[in-house]
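Here we start with a single chain on its own, the form predicted alone, put down as C-alpha cells.
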C-alpha cells in the first residue's frame, strides 16, 4: 500500500511541478497511529514546499487535487500544518490477512539486502573462562541482528574471533599449571595474584593431570610464584619446551572454547566460522600487515617499540603495535585480522563490541580504511553490558577472581527464551538491568510470558474448534464480517510487520521487533478477553479464525528472528 501511495504522490508532483528531481525513496509514507487521521500519512508537503516557494498546506492541496483516482483509496484529507492523510478501502485492509495466510512463514521477508555478503563478528570473548551474563547481551544482539538481516535478503556469515595468542592466554596456562601442581602435591602453596581463580581452572588442571599424570611437574615452580607475572610466564617458558607449553595452551583453550560453544548452542546461537588469532602468526599475516603499515608510513619507532599513527584517524593518541620486547599487542593482531576480512571480500563487515571498547573504534576504523582503500565497509556497533540483580542487590562480576554468574547459570535459572527476550527489550547502546525474578515469573508482567501466552491462547482456540468437531474454512469474502475495533487494531498491527522488519534491519535495532511483538500480543489479549471467537455464525467464526491464524503466523515469524519458541500450551 505504501508503494501505491508513493506512486500516486510522485505522479501528482510530476503533474504540478514538471522536471522535479524528487526521488520516490524521498517520499515518506507512514502508518497512522491514531486511526481518526486515516490509515497512512505523508509529510511530503512539509518537507519540500519551501523549495517551490509554497506554504505546506497550499502545496498539499495542489498535490491532492491532482491525485489519480484509485479504487483502493477511499478518502484523502489534509491536516495542518500540511499532512496528507489517506483512508484506504475496507477490502484493502483485509487483504493483509489474505496475504499472510498465503505467505505464512514468508510473510515479512524482503529482498532489500539483494544477497549482499555480510560478515557479523560478535561475542569474541577471550577464551580464558566461561561466558558470563555480561557477554550474553552482545551474543543475543548479534544473533538476532544476523536473523534480521537474513530475513531482509542479506547473505550473512556469523563469526567468532578467538583471541588465543596473547598474554591473557599465557596467564590462563600459568593458572592451570599452579592448580595442576596442587593436584600432584597438596603441600604446594601458591600465590594467586594476577591469576584466574574460577572452579573451571581446577577442571582444566584435572583434565591435564588425567591425560598426562606428572609429566609437566616443575619442582621449583613455587619458588617463582611471587615474581612479576611477565617474569613468571617467561620462567615457565624457559623450563618447559615450546612444544610442551603449546600443548598445555591448546588443551586450556580447547577446554574453555568448547564450554563457550556449548553455552552458545544452549542459548540458540550457532556460528558459521571460528577465526583463530593464532592463525595470523602461523601464516605470517601479522608480519605482512605490520610490514605494509611500515612501508606506507603509518608507523614510527619510539622507545624501541613500533607505534601506529592512529591519531591520523581521530584516535586520542598513537598506539603500540610491537612492544620493546618484540611481543605484539592485541591491536597488531586485530589489524591483521581485519586485513584478512577485507581479503574475504564481504560487502559489509559488522563488529559487535562491548561499550567498554568505544575508545578502540577509531584505531580499527583507521586501519580498515588503510587496507580496504574504502572498497569494503566496516560498521562497529557497541552494546552496553547488562547488570544482573538478585532482588535489590547487584551481583559483582570479576572474571579474574572467578566471582561471576555464567551465561550457563543464567540459562538454567530463567531459560533460553526469557534470557534472549530480556536482552533484546532495550536499544543495545542503552544500559539495562536484568531482573532475574521477573524473567522467572509466569505472569503477564513478564514480557516473554505475555507474548508466548498470546500464541498459546490462539492454539487453544483451534483445539477447541477441533474438539467441537468444527472446521476452519477460509474465504476472503468472510473477512468483511470483521468490524470490531479490536479486530481492526490487530489488522493494522499485522499490516505494519513488514515495515518493522525493514526498519529494524536498516537501523540495526532488534528491540524494535520485541517491542512490536509485545504490542501485537496486547492486541490479541484484548481481543480474546472481549470477544468470543467460536461464535455460532459460521461466516463470522471463520473470519475471526482467519484473523487469529494470521496473527499466529506473525508471532511465529517474529519469534524465529528473536530466537525464542512459541509454545502451543502454557
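Numbering follows the first chain given and starts at 1. Because the structure is a prediction, the values reported are computed rather than measured.
We do not show the form predicted together with the RNA, though everything after this point is about it.
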property: Residues 431, 507 and 528 all lining the RNA in the predicted complex, heavy atom within 4.5 Å; result: yes
property: Residue contact check: residue 359 to the RNA in the predicted complex, 4.5 Å heavy atom; result: yes
property: Residue 64 within 4.5 Å of the RNA in the predicted complex, heavy atoms; result: no
property: Non-hydrogen atom contact residue 27 with the RNA in the predicted complex at 4.5 angstroms; result: yes
property: Contact flag, residue 36 vs the RNA in the predicted complex, heavy atom cut 4.5 Å; result: yes
property: Residue stretch of 302-310, 104-112, 368-376, 145-153 approaching the RNA in the predicted complex, non-hydrogen atom distance within 4.5 Å; result: 302-310
property: One residue of 349, 95, 126, 259 in contact with the RNA, assessed in the predicted complex (non-hydrogen atom, 4.5 angstroms); result: 126
property: 179, 209, 457, 298 - the one with a heavy atom within 4.5 Å of the RNA in the predicted complex; result: 457
property: Stretch 77-93 - residues with a heavy atom within 4.5 Å of the RNA in the predicted complex; result: 79, 81, 83, 85
